[in-house]
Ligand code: HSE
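The data below hold one chain only, encoded as structure tokens and taken in the form predicted on its own.
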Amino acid sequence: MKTAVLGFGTVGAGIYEILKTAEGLEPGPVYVRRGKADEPWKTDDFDAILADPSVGAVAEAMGGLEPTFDFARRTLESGRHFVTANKMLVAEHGIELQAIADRTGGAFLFSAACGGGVPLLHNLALARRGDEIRRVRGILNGTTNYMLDRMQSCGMDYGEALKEAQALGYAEADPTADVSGLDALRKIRLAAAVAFGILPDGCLNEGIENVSVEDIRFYQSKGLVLRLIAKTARTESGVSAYVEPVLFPQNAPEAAVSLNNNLASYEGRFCGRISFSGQGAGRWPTASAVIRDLENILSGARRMLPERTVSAAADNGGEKQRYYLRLPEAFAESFPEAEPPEAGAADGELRLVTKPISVAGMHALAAEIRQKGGRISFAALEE
């Protein structure tokens, strides 16, 4: 199956290279920006790709929403297959694109959009056919895991860890999507869609921007390891979906995930907990996931989203857990049932441990405190 590649950056170049030797696949034309078509097999004319009857599939590695969505829509409307590593595209237009694929007979697969080479979405799509998926969770962002690992293993502060991650190419010049938790949230939304047939909206995310080196030292004194975790689960009225810092005991699998690695898990009614770990981004891990989707198309796969997948508001009010807090003393009354831990904080701040509180409640209280000018850092306690 001849496959055109959209984009020739880090991932696109990797896809093109693997296509040369992948069984049953061959590289087609590569779409590049205007003025960059410096080889006969490159083109800046997408219409020329669709006009080539030998092209059976398109692999997208451009990123963004436009013109990517337009190219995806037109590819599927032509009856061709479309695979992508673009989590933003799938989160915004995945249901619409799947509907087009269903109508025209094309395939729409996107396992590389969550976890890079970690085969979470691929296996979720397989597992849900014979099992009831109950929850999905994991370390889904390598940038923040690298930063937290360096802060905890080397004593770096937030700024030092971020600068090092940027120097190594793990963090972008603008790291907002990573450190805010937005990147991980986009990925867990896709996991919810594949596992439960619900693409949740209105999800909650707390990143690592408010984690200080003093917080890390305090957690370490308690024998705890901090990780940024994305979670989704079935609830009575739909699905929960959120991202937040979580504290684990030192013997937990998440505590052992170092540097920029990922760890993704799902729990099924019959299979129990299944976990995958590895590189969550980069040229070869992500490109290999795209190739895996193309190989699955050769085997007859046409979709990852369940039939009748819908968008719905996330339900984050039912799950309750305890949280460690650092906040100004003046706002302690917001948590009247909190218990003070063994050690406090300085400069007019307190450290508290809450009684079980809903995820929605905790995030709402933190937002209210910040709106009033208070600084707060919180992390869920895995128990």
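Throughout, we count residues from 1 along the sequence that is shown. Fair warning: this is a prediction, and the values are worked out from it, not measured in the lab.
The form predicted together with the named molecule is left out here; the points below concern that form.
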So which of Arg227, Lys231, Arg80, Lys87 gets a non-hydrogen atom within 4.5 Å of the named molecule in the predicted bound form?
-> Lys87
Name the residue from Asp178, Glu206, Glu254, Asp215 that puts a heavy atom within 4.5 Å of the named molecule in the predicted bound form.
-> Asp178
Flag Ser111 as yes or no: does it have a non-hydrogen atom within 4.5 angstroms of any non-hydrogen atom of the named molecule in the predicted bound form?
-> no
Quick one: does Gly106 come within 4.5 Å of the named molecule in the predicted bound form, counting heavy atoms only?
-> no
Any non-hydrogen atom of Pro245 within 4.5 angstroms of the named molecule in the predicted bound form = no
Is the gap between Gly280 and the named molecule in the predicted bound form 4.5 Å or less for some heavy atom pair?
-> yes
Just one of 233-241, 196-204, 119-127, 179-187 has heavy atoms within 4.5 Å of the named molecule in the predicted bound form; which?
-> 179-187
Let me know which residues along 125-146 have a heavy atom within 4.5 Å of the named molecule in the predicted bound form, or say none if there are none.
-> Leu140, Asn141, Gly142, Thr143
